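Shown here is one chain on its own, the form predicted on its own, set out as structure tokens.
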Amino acid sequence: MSKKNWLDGNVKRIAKLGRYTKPEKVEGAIKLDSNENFALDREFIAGVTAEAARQVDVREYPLDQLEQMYSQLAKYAGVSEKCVAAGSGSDQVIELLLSTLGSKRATVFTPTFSYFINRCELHGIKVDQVPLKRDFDLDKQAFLKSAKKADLVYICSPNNPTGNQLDRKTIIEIVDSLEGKLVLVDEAYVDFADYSLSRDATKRDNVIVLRTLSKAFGLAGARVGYMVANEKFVQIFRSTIQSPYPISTLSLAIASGVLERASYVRETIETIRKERSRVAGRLSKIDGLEIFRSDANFLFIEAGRNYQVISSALASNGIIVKMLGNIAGHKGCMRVTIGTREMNDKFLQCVEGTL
């Protein structure tokens, strides 16, 4: 095959792949579609950002700022600094792992974070998809059967878009049954849940936990993610796999500023958890809706035959949620971010007034 045909063939292959579609920006809308943390006060974030901008000189490369943030992340996650590595969002960490480790076959459960599946396909990695049970619990035996044929296993917990965190004992049993396989545990929403596997990952050779400051810490626009793994792998990732300057000086300073105030963030997380319970409780009283347990900052709702009428009502009131349609045997589904109490009330009033 000529070089021209090789290039054309690859371009055509890539053009046919699934892709992540960014949500549309709608001015003035109540934005409950992307799981951003609007419950974290905007003035708080603005103040940290302004302070960071005054402190840094963006003409310089970030030299010691990354080490400072590692120290803060390690303290927050409860692990050693030598077990933490950062990226431009956890998406970039995923991308680097997929592109450098030479995986041929991956196992995921579905539904799950579609970005991971899309990126596997981009890199020519075959993806085996194991359906979750109707309540979105994991069929452990079916999952293990597939995972043992793969070299890469992806577990999103709390899961996106379903919201539930898998049983800790079950995940540990799966991990320990897959010696020699790389297990990625995506914990983007773990700050809103009951436990993290970060410390467990540092004690194992085959586990990488992915975390982010985009959700609980309100820094989706700063693009700061991180991974927790054993010291040996982290050293290789930092020195060889990752770029020398993966995060901008300004983003590092902003991240450090917010991490310094982690106690305030924790208060906001608790507020979101309480709001999650309140919103779920109100919705569960509406006939025709099924609300699934969530350990994240969003709810997964099955609206069934009410899907279209709710969709129209939300659009008319300038409220944007993630409309999923029919998914995994569930009819008329949507994912709704838990926002401020005011945002949540407007969503509730719209749905309650419609049905």
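Here the structure is a predicted model, which means the values were calculated and not measured. Residue numbers run from 1 along the displayed sequence.
Here the subject shifts to the form predicted together with a small molecule, a form of this protein not shown in this document.
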- Query: Do all of Ser294, Phe300 and Lys322 end up near the small molecule in the predicted bound form, with near meaning a heavy atom within 4.5 Å?
  - Reply: no
- Item | Touches the small molecule in the predicted bound form: Ser251 (any heavy atom, 4.5 Å) | no
- Item | 4.5 Å heavy atom contact, Ser214 to the small molecule in the predicted bound form | yes
- Task: Check whether Tyr154 has any heavy atom within 4.5 Å of a heavy atom of the small molecule in the predicted bound form, and answer yes or no.
- Result: yes
- Could you confirm whether Gly89 comes within 4.5 Å of the small molecule in the predicted bound form, counting heavy atoms only? yes
- Message: Given a 4.5 Å cut-off on heavy atoms, tell me which of 135 to 143, 188 to 196, 175 to 183, 96 to 104 is the interface stretch with the small molecule in the predicted bound form.
- Response: 188 to 196
- Query: Of the residues Ser256, Asn160, Asn230, Thr268, which one places a heavy atom within 4.5 Å of the small molecule in the predicted bound form?
  - Reply: Asn160
- Quick one: of Arg282, Arg238, Arg273, Arg223, which gets a non-hydrogen atom within 4.5 angstroms of the small molecule in the predicted bound form? Arg223
